[in-house]
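Quick setup: one chain, the form predicted alone, written in structure tokens, and binding and motion questions come after.
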């Protein structure tokens, strides 16, 4: 049965079960369930956003509430990635969707944390963005080089520690000195970020939640393409 002909309640049930497997840390079951969702005609973007990512979001909420701890979060991430192995190859050819924009994303230098970035990348891809992952411990000059090479709409600065978040201002300043600041919008991401502080350091916004960030990135891209001037620093 195609996705168009499937009972919405049945589709929702498939996606809910997939999300539950991420929360339950079921590494064996998650790939089978992801494949079942695809076989049922659900789009890869729905499988990621409403299934795998929904489960990971629940894990994040439980972590913030002190209901689970970092070892459980890391196992859930492994489960999440196992599901992505089944879904990722289908994202572009199956959806045929038009890119909403291009972004480069990397964890700024001095920070080697990868979990938050690795969760965010497929969330942004599922939302329709062409994402270039620069990895971790990315130097300011590497961000400049990537902007020149890939010509993105948005630059994502992963800052997962307070100390590295405070370096974001220097990264933004390096981009400005290279004459590239007006070409891009910059958003900081990670548990240590604060939107007001990020703006004081010259960025455009910040978010500690990848799903919330999707909406903010969309508004930043719209502003950039509308030719609106960058907000006053």
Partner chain sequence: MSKVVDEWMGRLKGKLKPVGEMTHWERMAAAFELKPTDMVPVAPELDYWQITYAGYTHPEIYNDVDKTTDACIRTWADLRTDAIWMYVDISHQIEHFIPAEKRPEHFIHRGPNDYLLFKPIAKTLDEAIALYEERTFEKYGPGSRPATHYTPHMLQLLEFQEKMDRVVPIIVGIGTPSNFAETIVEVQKFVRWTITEPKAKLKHYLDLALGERLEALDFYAEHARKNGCEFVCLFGGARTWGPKQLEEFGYADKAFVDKAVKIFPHVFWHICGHNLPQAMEALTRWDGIQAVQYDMPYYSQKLSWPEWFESVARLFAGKRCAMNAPTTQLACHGTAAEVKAMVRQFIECTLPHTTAVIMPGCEIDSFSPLENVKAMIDTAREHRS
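Remember, predicted model here, so these are calculated numbers, not experimental data. The term rigid core refers to the most C-alpha atoms you can superpose between the two forms while keeping them within 1.5 Å. Positions refer to the first chain, counted from 1.
Below, we turn to the form predicted in complex with the partner chain, even though it does not appear here.
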**Report entry** Heavy atom of residue 128 within 4.5 Å of the partner chain in the model of the complex
**Finding:** no
Query raised in the report: Given that the partner is absent here, does residue 109 sit within 4.5 Å of the partner chain in the model of the complex, heavy atoms only?
Result: yes
Query raised in the report: Using heavy atoms and a 4.5 Å limit, would one call residue 115 a contact residue for the partner chain in the model of the complex?
Result: yes
Query raised in the report: Taking the shortest heavy atom distance, is residue 162 within 4.5 Å of the partner chain in the model of the complex?
Result: yes
Report summary line: Interface check vs the partner chain in the model of the complex: of 19, 25, 214, 220, the one with a heavy atom inside 4.5 Å is 25
Query raised in the report: the partner chain isn't shown here, but in the model of the complex, which of 176-184, 33-41, 47-55, 162-170 has heavy atoms within 4.5 Å of it?
Result: 162-170
Report task. Give a yes or no on whether each residue among 7, 10 and 121 has a heavy atom within 4.5 Å of the partner chain in the model of the complex. Result -> no
Query raised in the report: Going by heavy atoms, what in 73-88 lies within 4.5 angstroms of the partner chain in the model of the complex?
Result: 74, 75, 78
Report task. For residue 61, decide whether the Cα shift between the shown form and the other one is 2 Å or greater, given a superposition on the rigid core. Result -> yes
Query raised in the report: If you line up the core, does residue 217 shift 2 angstroms or more at its C-alpha between the shown form and the other one?
Result: no
Report task. Could you tell me whether the Cα atom of residue 27 shifts by at least 2 Å between the shown form and the other one after core superposition? Result -> yes
Query raised in the report: Once you compare with this form, do the C-alpha atoms of residue 64 and residue 163 lie closer or farther in the model of the complex, given a change of 3 Å or more?
Result: farther
Query raised in the report: Compared with this form, is the residue 65-residue 192 Cα separation smaller or larger in the model of the complex, the difference being 3 Å or more?
Result: farther
